[in-house]
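Form predicted on its own, single chain, as structure tokens, below.
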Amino acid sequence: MAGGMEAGDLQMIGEGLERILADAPLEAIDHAGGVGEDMNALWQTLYENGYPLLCANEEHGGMGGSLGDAAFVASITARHALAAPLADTVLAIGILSACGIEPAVYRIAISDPLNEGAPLAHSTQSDAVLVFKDGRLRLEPHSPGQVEPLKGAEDGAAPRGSRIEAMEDIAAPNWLTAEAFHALAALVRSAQMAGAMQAVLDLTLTYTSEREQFGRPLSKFQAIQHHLSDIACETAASIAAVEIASDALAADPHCGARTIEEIAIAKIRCGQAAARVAAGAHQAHGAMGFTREYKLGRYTRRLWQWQDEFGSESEWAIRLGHAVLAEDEPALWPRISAPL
């Protein structure tokens, strides 16, 4: 499996993706109810520029990135509130490529192996689903037009349909357990939360500096400054947690127990921060933040949704606590105090 891309190359790829998403029409970015012509055109552009294949091995036509690089893409897509499943597709194709499969570039949703009853995110925009069950990877066809999205789901989430004949069905390598698969998807969601929080911070800073009350910008009022500093601190902590987990995965591409614990920390930290960031941003925006036309809700609704996908912070906290208590030697303080 690849050990990750050079930082400069990854940054260049990210800048290109930023430009594509910034120039895309809103209907292509936020068409959560289905694919649509604009979203199809945007996906074709992303495909032609190779973004779905970021984490695929070079012998499979990919860029040779590590699975951890999917988090980098996830953060960018979240900053633009992209409804299309690019981040999930990058991870899914990377997993399949790591297992020796050269997959066709479908729009791929990811099913949670530890919660089969969970809604399938991006169900209305995906034409394939990657499923891990009983030690096997299955890439199943999916018909987005035949699903009814859940009310209020930002990314076209819908109940998981029945399993059908797979396009790919292979035994997973020993390192890829259900727990590792679940954790990899959780890292993507953590990165998406961190990216969305950065967008919320930028949006709130702009709004409060431009909007005036009593002859002064809102950002000059102490109560608003408290909200801004809280949002900034929570966002910075979340970004750091995701970076640490991504670095751990780059060093341990088989996603071992310690790496899963680092991902757990990231999912917990981002989940906790998401609630505070969303609340603070809506407070700072006042009534404007709750209108459907204003884009703040596009981010905060996703934050609330991503908190629970692939394990809530409480579920991950319980797993992390069990892992620490299972150590033969005292493990909590050495891990807290270890240098980064």
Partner chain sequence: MFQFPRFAFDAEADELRSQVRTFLEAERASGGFVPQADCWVSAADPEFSRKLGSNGWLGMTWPKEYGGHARPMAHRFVVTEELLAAGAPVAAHWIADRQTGSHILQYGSEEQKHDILPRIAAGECFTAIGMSEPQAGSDLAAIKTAARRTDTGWVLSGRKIWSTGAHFSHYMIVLARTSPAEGRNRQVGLSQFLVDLSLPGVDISGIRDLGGTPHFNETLFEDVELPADALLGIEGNGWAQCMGELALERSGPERFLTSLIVLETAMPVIARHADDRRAGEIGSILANLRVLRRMSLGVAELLERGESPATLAAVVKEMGNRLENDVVAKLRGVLAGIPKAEWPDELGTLLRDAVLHLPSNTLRGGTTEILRGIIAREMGMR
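Numbering follows the first chain given and starts at 1. Owing to the predicted nature of the structure, the values given are computational and were not obtained by experimental measurement.
One more form of this protein exists, namely the form predicted in complex with the partner chain; it is left out here, but the text below deals with it.
- Think of it this way: in the model of the complex, the partner chain has a heavy atom of just one of C99, A251, A237, A158 within 4.5 Å, and the residue is A237.
- Note on contacts: among V147, V105, A232, A178, the single residue with a heavy atom within 4.5 Å of the partner chain in the model of the complex is A232.
- The putative spot formed by L26, S66 and A83 is not touched by the partner chain in the model of the complex; no residue has a non-hydrogen atom within 4.5 angstroms of it.
- Note on the interface: of 85-93, 217-225, 188-196, 116-124, the segment with non-hydrogen atoms within 4.5 angstroms of the partner chain in the model of the complex is 217-225.
- Among residues of the shown chain, H60 is not one whose heavy atoms approach the partner chain to within 4.5 Å in the model of the complex.
- Contact between K133 and the partner chain in the model of the complex is not found at the 4.5 Å heavy atom cutoff.
- Using a 4.5 angstroms threshold between heavy atoms, R19 stays clear of the partner chain in the model of the complex.
- The partner chain in the model of the complex comes within 4.5 Å of a heavy atom belonging to E262.
- In sequence order, D247, R258, E262, I265, I268, R269, Q272, R276 are the residues of 247-276 having a heavy atom within 4.5 Å of the partner chain in the model of the complex; the partner itself is omitted from this view.
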